[in-house]
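A single chain comes next, written as structure tokens; it is the form predicted on its own.
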Amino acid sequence: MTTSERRVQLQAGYVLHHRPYRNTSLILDVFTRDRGRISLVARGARTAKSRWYSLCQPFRPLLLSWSGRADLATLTDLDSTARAWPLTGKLLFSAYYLNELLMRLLQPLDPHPELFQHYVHALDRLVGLPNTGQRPEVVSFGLQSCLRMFEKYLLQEIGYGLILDHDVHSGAPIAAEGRYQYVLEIGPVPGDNDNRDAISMSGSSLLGLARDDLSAPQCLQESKKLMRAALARYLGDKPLYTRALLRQLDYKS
């Protein structure tokens, strides 16, 4: 390990998850801009007298410094660059869903600076949804669109990006008026057959997802099915805790 790896100074990041460690400390799982996901020991952070006590929370922009082993380093300094994102209710659980995806799908110490920016942008979008005058259905539509876009870029960043602009058999551009079967880990092929291993999508939905435009209800609905199936291949058999909570919120509302 080089000297530069032993000490990292003032790295922008967010806490994804924290858990108790020994009597007074925490282990922080953080997502940083330039170092990716890393676990840090925050010594004494569970005590009310600690200056880090109120900072070791998700959705708060931080500057972190640490030293030590790459697999479990020790936090040496922590400062906040702004107040925590003001998220409540379903929007808060949705933000935790983003965190759970990052925890499950990112390899430790694998930098993804562009994904970091997409994460910040997603939090910004979530905060802006419940503006005064927004109808509940408009907020829900914006929430679903935000989650689908983040899922798309997450898959792209970890090497499983979706092919959305051409038929993988012929190479022909996707036709907006056509119907396609999206074969996972391969791509879209023409047709609308009942293939249980593929997702049926309209060409217009594929093109909308390709250009980050999910404004059409059909596009949003079909994109959700595609993302759910694509993510399932890499998440394994363990269910997402936050997804279950979101389903409960939908049921209660």
Partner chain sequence: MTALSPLVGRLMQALRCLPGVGPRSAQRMAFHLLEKDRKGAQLLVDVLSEALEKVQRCTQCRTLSETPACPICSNSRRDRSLLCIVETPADIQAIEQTADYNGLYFVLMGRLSPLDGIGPREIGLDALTHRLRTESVREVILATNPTLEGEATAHYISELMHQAGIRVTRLAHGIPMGGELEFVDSSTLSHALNGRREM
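Since the model is a prediction, treat every value here as computed from it, not as a measurement. Numbering follows the first chain given and starts at 1.
Omitted here: the form predicted together with the partner chain. The next part is about that form.
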> Quick one: of Ser67, Gln218, Thr47, Gln57, which gets a non-hydrogen atom within 4.5 angstroms of the partner chain in the predicted complex?
Replying inline: Gln57
>> Using a 4.5 Å heavy atom cut-off, which residue among Phe141, Phe116, Tyr96, Tyr153 comes into contact with the partner chain in the predicted complex?
In response: Tyr96
> Going by a heavy atom distance of 4.5 Å, is Asp167 a contact of the partner chain in the predicted complex?
Replying inline: no
> Would Gly159 show up as a contact with the partner chain in the predicted complex if we use heavy atoms at 4.5 Å?
Replying inline: no
>> Considering non-hydrogen atoms and a 4.5 Å limit, does the partner chain approach His17 in the predicted complex?
In response: yes
>> I'd like to know whether Arg125 contacts the partner chain in the predicted complex, with contact meaning heavy atoms within 4.5 angstroms.
In response: no
> Counting only non-hydrogen atoms, which stretch in 145-153, 117-125, 170-178, 80-88 is within 4.5 Å of the partner chain in the predicted complex?
Replying inline: 80-88
> Can we say Asn23, Leu92 and Gln248 each have a non-hydrogen atom within 4.5 Å of the partner chain in the predicted complex?
Replying inline: yes
